[in-house]
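So this first bit is one chain, no partners, the form predicted alone, shown in structure tokens.
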């Protein structure tokens, strides 16, 4: 009889996206009727110990008391995973760093040998994303007694201790090494039959968006003058639009809002953030508006009159045209796609994600999820009094243009 039960053991340094991947797997496997449960060592630690485990000293491999406690938590979750699969469970996910060979040997020795083990190692060395993820981790309740700077330093020291005992996957029977930012499999070695493998592998390389609210910033003074680019502020009407958005989303949980570096997106995000209980704003330069180079801050009429060659060339092929000393839609594609991947990564599998961007940027974000011919992308409708609601999963694709009632 074909085995229909599986252990998945996550592997990787802290802040590399292990829990995000584990939660994504659980949500989608469960949705398809596959009984899945996560056994997270960190959650168990926070629940059972009264010690201050935010201290980096707790993770020092030379701290025998800390090592003993962490081993105890690991063994408890291994036992619980065994019990889960011995009953009606089908996939048990051990969500922990599991970076040492010794820990992985323990997992292999103690788990029911009738069921295969798949090790998934999450790898991400993007320094800026790591910094942003550490900042998010430092805002967790376990660091509430520390200043933000102290919490960040504490978490970085924790990572150093884990790094000192880190041995990447190599000799384990079934392994996947995953670039957890780009959803790209770096290495794959499967030597036994793995239940649900095609589905799991597909999930690992797929962007899953439960709810993405894609918003264009409110009206700016440059919008009124039909000027492009720049760093203009919101008008009174733009501020009213931002406040209306804040009221509209007040009863939805928005844990993080992603913006560009421009004032107009931050000014739109701030009122929304203020009406949320636990919300942070993350600035990503990848969501900056198209750089119009020598035409920056000009009106389209000025471009037509003063630079007719630019106006005519761009009109002929708006998608592929690149502004002198600037960029175009075609050259924005890579950075905007990376911005989307960063937003998904940093959202930690949140039910709701919000991006506040610009007209051209939001067109490219829509194109990331919605098939459009390249030549049509620069004409996608991106209003300031409505927003796009996007759902993109394996089973569902939804694109709705909604009014927020200003």
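Bear in mind the structure is a predicted one, so any value in this text is a computation, not a measurement. Positions refer to the first chain, counted from 1.
What follows is about the form predicted in complex with a small molecule, which we do not show.
**Q** Since the chain is shown here on its own, which stretch among 228 to 236, 164 to 172, 275 to 283, 82 to 90 would lie within 4.5 Å of the small molecule in the predicted bound form, judged by heavy atoms?
**A** Checking each option against the 4.5 Å cut-off leaves 228 to 236.
**Q** Using a 4.5 Å cut on heavy atoms, which of 335, 103, 137, 318 is close to the small molecule in the predicted bound form?
**A** Spelling it out, the residue with a heavy atom inside the cut-off is 318.
**Q** Which pick from 95, 219, 289, 121 sits with a heavy atom within 4.5 Å of the small molecule in the predicted bound form?
**A** Among 95, 219, 289, 121, a heavy atom within 4.5 Å of the small molecule in the predicted bound form occurs only for 289.
**Q** Give a yes or no on whether each residue among 300, 329 and 378 has a heavy atom within 4.5 Å of the small molecule in the predicted bound form.
**A** All of them do, each having a heavy atom within 4.5 Å of the partner.
**Q** Do residue 314 and the small molecule come within 4.5 Å of each other in the predicted bound form, heavy atoms counted?
**A** Residue 314 belongs to the contact set for the small molecule.
**Q** Answer with yes or no whether residue 77 is in contact with the small molecule in the predicted bound form, where contact means some heavy atom within 4.5 Å.
**A** Flag for residue 77 set to no.
**Q** Should residue 365 be counted as a contact of the small molecule in the predicted bound form, where contact means heavy atoms within 4.5 Å?
**A** No, no contact at 4.5 Å.
**Q** State yes or no: in the predicted bound form, is some non-hydrogen atom of residue 353 no more than 4.5 angstroms from a non-hydrogen atom of the small molecule?
**A** Contact with the small molecule, no.
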